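Encoded as structure tokens, the following chain is the form predicted on its own, with no partner shown.
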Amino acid sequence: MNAIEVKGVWRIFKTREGIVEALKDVNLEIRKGELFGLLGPNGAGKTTLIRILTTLLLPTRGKAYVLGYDTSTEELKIRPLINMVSGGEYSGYGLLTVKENLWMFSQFYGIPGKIAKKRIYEFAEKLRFKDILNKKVRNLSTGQRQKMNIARGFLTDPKVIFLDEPTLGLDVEVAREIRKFVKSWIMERDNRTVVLTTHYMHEAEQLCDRVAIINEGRIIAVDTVENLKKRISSEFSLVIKVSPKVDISWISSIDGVLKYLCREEENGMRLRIIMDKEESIGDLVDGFIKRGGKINYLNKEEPTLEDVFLKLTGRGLE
């Protein structure tokens, strides 16, 4: 049995502007024991799908199952078996300490006291927050609070856990500790499943067994990271930093340019260009120089998951 099955799910909202199709005929299977990534830009439908799978939202059409239970009619059987952690959330009570908050959440789920206490200290050790167990939540930093949130989500030993942008806005070291913890947790038992949404391509590449790319409410690709990269194995990326900002409408006319993404920076722009002809690099450089641009950085890279995403959707995650 799969951990999650989504069959022909649509979710339609009525707004003042009209009808919005947040999900369009989504079909998806996530195996037990997988660390599965869900990638897509803002507004692609990721959060809507997660809300359906966590029984917080009903599908307009179609069916979704978690551990064999129908999310529309058997939510009371699903909820004790799952949990969810979001990035940037403020959970718990500020007047209570970290330890008191985690204890309180454990009792909501009916975890025996001895087991709850053991898990709290185990997670504090693994996530390296033993020093703040007696600190009030209102006095925590963003990273400390997210470590507590992660511990709260895993405290119930869920069969399926949903991590929605769990490292959003965290510094490098804290994000690394959380990723290490998630990876070790799923490897301890083969019946645990993690569903991860993230904006960070390197996070998906490091953690996920498979990923699904969702765009404009539709799943457009599902595979391992390596297999997705093979789709553009004959291509490469050119990363260029240019200052100041110049006209880039001409880039698509260069022979060998397949797609490109431009992000404006304080003193110029950063471009990621997918190409299949190395000899056209000189034409690109000449084009920027003719338009008054100075090349501050240029590097040719092998295909990444970001390139796959750009190739399939025509845009970046942000």
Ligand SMILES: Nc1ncnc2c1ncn2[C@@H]1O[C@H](COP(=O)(O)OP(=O)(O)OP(=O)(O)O)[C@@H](O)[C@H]1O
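Predicted, not measured: the structure shown is a model, and the values here were computed from it. One-based numbering along the sequence shown.
In what follows, reference is made to the form predicted in complex with this ligand, a form of this protein that is not presented.
Partner proximity in the predicted bound form, defined as non-hydrogen atoms within 4.5 angstroms of this ligand, places exactly one of 43-51, 254-262, 283-291, 268-276 at the interface: 43-51.
The putative spot formed by F13, A22 and E165 is fully lined by this ligand in the predicted bound form; each residue has a non-hydrogen atom within 4.5 angstroms of it. Among R145, H199, K241, K136, the residue placing a heavy atom within 4.5 Å of this ligand in the predicted bound form is H199.
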